[in-house]
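The chain below stands alone, shown as structure tokens; this is the form predicted on its own.
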């Protein structure tokens, strides 16, 4: 089976599928109310303007196009699986090809928000089902037998009474001439052979053997390398630079001014071009640069955090209100308040930012890169550099991690700009230090919490006030600061807890550096405050923390179902050894719903995380192994963000530089993780990539309180000194 994204280049694919005139394409056009359409491969003919997701050639070769980039989350399997299930073929029988932002593949060529499966589950199944029915119809006509006597299996159409069969390739031409079924019949989930099954991912052998091609692996004849000097104080102006020592480095070819375009910001940079990456990097280190910091060198984390604490006294913009919070809080028999703080963090994917770009005569541009947004790479680059989209060829390669960092194109525009200036293909590679220090970052978020309880401990009033810089304010020029930024109050007003009086608000803090969505976005910070404070309310009410939550979700809901499942699988009522504690948290947001119980033990001055029980509500799943892997990976990131150093600033610069002072969790620190999936069937499906992250920090800190009596309200914290 051919699966390597580099194995079928664009020219070869067009030659194979566009010249022979014997192929059969079918797909979905989301711009045409999800209508399924077909087209013919005829000599010299253009492909119709729709999203051709299936290509069946006369030879029998079946190609399925994956429109969702693979960043480690499993789309390389999931997207083709949804089509293949209904098409009645196994993934061993198909070639998977990654799309590159071409218009014909539609607008959904991106990944983020845990949306790849839940956003296309039914549509992709219909794609496969329509193709199957057309092949069945073609066979029934050829054999002059009733349609109902034909069935599909293993890439063939069979005639039940006679047992004769025809391969899909033999039927492709005839099938392509038939009318597309308006409402193809989908399989009963009980008959699934792929969906819902723990099946091996086809990208894993490629990656484990080194055959997979990531962005950083890309090459093209005649390419040169670039390492880019960017000011450590972002937003500074370039005064001058001396490149005389740089040009004496063997292999250095030239030095050019460039620009980094990230969100609303444009930063001056200096690119060192060389025959190889080592020479480019050494030449960059030899540069002597003068920057005008423009007063930005006075910025530091300590003062900024003090500013945010002072902003908490402001009323803020109203996110949600119900009942009368002020009146009920004032009259409450029990009142409590708390303040929670979370830091800036970097994305730190293992594969640093990189891009290979080749600008040639006639304003033709070819790009090889790792990205989450192929469609936006094409449209954004066309707009930024004033060239037609049709002039751009994009090769979307495997991503060595992303976590939101590859949602924007700053590193791509750098390569394009330099290639245009030097008229050569150029490969830009960021160092780990570049990746850590230059952002964009997840914003720090502070939360001022208030609650009023009745004499018997029932929650009657609740307030979550968010104080944080706005992500969108650094990404969008026309951001309206007079309106609540819902990204920054993500899901605080959508939790299923039944509290009669509520008032949630947002106070925006001005910030002048790039910010960006991080895995699970602001739910990663807000869930910490929200669920730890719910725990504080339970303690104040002298109630069991999990039972207290259940008491606030009396109406039937996914949250209620999840909490009960969590109580069961974690043996919540089982007595723990002396010195141990357990904590619980759940959070539901745009990506889905997950709850966790964490068990910890006191070890000398520190705490050991013994075990994490996770329950994720999926509704419907494609591959349970992938879901479990995503939850486990989210827990790794969540623990790292909770107990490892975040990003801090001093003298206008990022203090952290590499994994030695911006570490991730090590394997010997990883607790046992037990993942349970709620999959009720049907077509309701939730995300898997992000929901496992938000509940961990609050469940961990609630467990530490249960074990030690110490309440943690600031992340990160030193788990070895509690």
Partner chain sequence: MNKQITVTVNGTEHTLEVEPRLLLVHMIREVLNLTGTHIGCDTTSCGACTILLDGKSVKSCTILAVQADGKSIKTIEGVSAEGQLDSLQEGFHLNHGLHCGFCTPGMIMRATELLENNPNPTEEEIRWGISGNLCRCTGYNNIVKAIQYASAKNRGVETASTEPEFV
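Being a predicted model, the structure only gives us computed values, none of them experimental. Positions refer to the first chain, counted from 1.
If you look for the form predicted together with the partner chain, you will not find it shown, but the lines that follow are about it.
Segments offered: 94-102, 321-329, 344-352, 308-316. Contacting the partner chain in the predicted bound form at heavy atom distances within 4.5 Å is 344-352. Contact with the partner chain in the predicted bound form holds for none of 189, 572 and 685, as no heavy atom of theirs lies within 4.5 Å.
At the 4.5 Å threshold, heavy atoms of residue 142 stay clear of the partner chain in the predicted bound form, well away from it. Heavy atoms of residue 284 never reach within 4.5 Å of the partner chain in the predicted bound form, leaving it off the interface.
Though the partner is left out of this view, residue 624 does reach within 4.5 Å of the partner chain in the predicted bound form, counting heavy atoms only. Shown alone here, residue 229 lies farther than 4.5 Å from the partner chain in the predicted bound form, counting heavy atoms only. None of 149, 512, 632, 610 but one reaches within 4.5 angstroms of the partner chain in the predicted bound form through a heavy atom, and that residue is 632. The contact with the partner chain in the predicted bound form, taken as any heavy atom within 4.5 Å, belongs to 401 out of 401, 107, 181, 380. Scanning 649-675 for heavy atoms within 4.5 Å of the partner chain in the predicted bound form gives 658, 659, 660, 664, 665, 666, 667, 668, 670, 671, 672, 673, 674, 675 in sequence order.
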